[in-house]
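The chain below stands alone and is given in structure tokens; this is the form predicted alone.
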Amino acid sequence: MTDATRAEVCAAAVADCFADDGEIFGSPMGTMPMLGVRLAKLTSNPDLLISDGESLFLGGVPPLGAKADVVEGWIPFRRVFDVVAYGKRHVMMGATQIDRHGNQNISAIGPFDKPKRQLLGVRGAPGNTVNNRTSYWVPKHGTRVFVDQVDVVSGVGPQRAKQAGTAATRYNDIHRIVTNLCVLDVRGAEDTLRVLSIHPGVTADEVRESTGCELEVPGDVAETRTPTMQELILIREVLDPRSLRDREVPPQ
């Protein structure tokens, strides 16, 4: 669809991250990840188990910001750890920094002993990345986000997981990184960032210039697909009628 906005392209790209997961707990954090997961639930992966982000498993798929319409289970915070521990979960988090080896930082900026900015702390990032398939959403792709080395390792990339041993690599899977410019993964012999697709209207040079670390951009890199008519209707009329998506990725 040629009239899809950049935010709607991103929503479909997030949905594609969860398309092949099957019956697994989709655990998005933030507006765009939640929109994409709910879009996947209604299209490519109806077996996906979703929650309200707090304590309820949802039987239905309500719009963003609306109360649960159908509840099929209860998952208070203490029970989340039962799911985290054995891999049947795909979490999508944000990232203040991501380095070329797929390590993520949401903890602090600057030297560890005297940071310039204190952020969230590592929170659940180490456990998520070691135990569950993990993807990231970055609403503003820039050189301050994509760096050679993160200041604090919160989320663990595949290279560090391998160094830690088999207990850390069993479920470690940095699946996708979706940004407002492109879709990436972490692959190759050295487990480094690679561009899988570039969003319509964005050039490879723009992606390179907006990235502060070495980045593999294949010569035949694909263009990120645009949402189908069905997906656009679901995004605009069912899942996000208040256009909350545009607050994260403003119309170009």
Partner chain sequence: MSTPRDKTMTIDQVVAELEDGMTIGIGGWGPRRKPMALVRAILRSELKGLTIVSYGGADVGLLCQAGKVERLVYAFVSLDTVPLEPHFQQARQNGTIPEVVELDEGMFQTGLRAAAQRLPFLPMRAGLGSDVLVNNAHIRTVTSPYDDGEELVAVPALHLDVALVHLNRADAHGNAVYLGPDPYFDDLFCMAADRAFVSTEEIVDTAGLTVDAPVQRLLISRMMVAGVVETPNGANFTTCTPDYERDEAFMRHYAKAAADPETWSAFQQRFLAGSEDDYQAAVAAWHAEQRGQA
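Numbering follows the first chain given and starts at 1. Given the structure is predicted, the values throughout are model-derived calculations rather than measurements.
The same protein has a further form, the form predicted together with the partner chain, not shown here; the description that follows concerns it.
Participant: Tell me, yes or no, whether Q118 is in contact with the partner chain in the predicted bound form, where a contact means a heavy atom of each within 4.5 Å.
Facilitator: Answer yes; at least one heavy atom of Q118 falls within 4.5 Å of the partner chain in the predicted bound form.
Participant: With a cut-off of 4.5 Å between heavy atoms, is D99 one of the residues that contacts the partner chain in the predicted bound form?
Facilitator: Contact check for D99: no, nothing within 4.5 Å of the partner chain in the predicted bound form.
Participant: Do H175 and the partner chain share at least one heavy atom pair within 4.5 Å in the predicted bound form?
Facilitator: No.
Participant: Does at least one non-hydrogen atom of G87 fall within 4.5 angstroms of the partner chain in the predicted bound form?
Facilitator: G87: no, not in contact with the partner chain in the predicted bound form.
Participant: Which of these residues, T226, S44, S197, S55, gets a heavy atom within 4.5 Å of the partner chain in the predicted bound form?
Facilitator: Spelling it out, the residue with a heavy atom inside the cut-off is S55.
Participant: Select from the listed residues V138, V91, A125, L181 the one whose heavy atoms reach within 4.5 Å of the partner chain in the predicted bound form.
Facilitator: Residue within 4.5 Å of the partner: A125.
Participant: At 4.5 Å, heavy atom to heavy atom, what parts of 147-173 sit next to the partner chain in the predicted bound form? List them in sequence order, or say none.
Facilitator: Contacts from 147-173: D151, V152, V153, S154, V156, R160, A164, A167, A168, R170, Y171.
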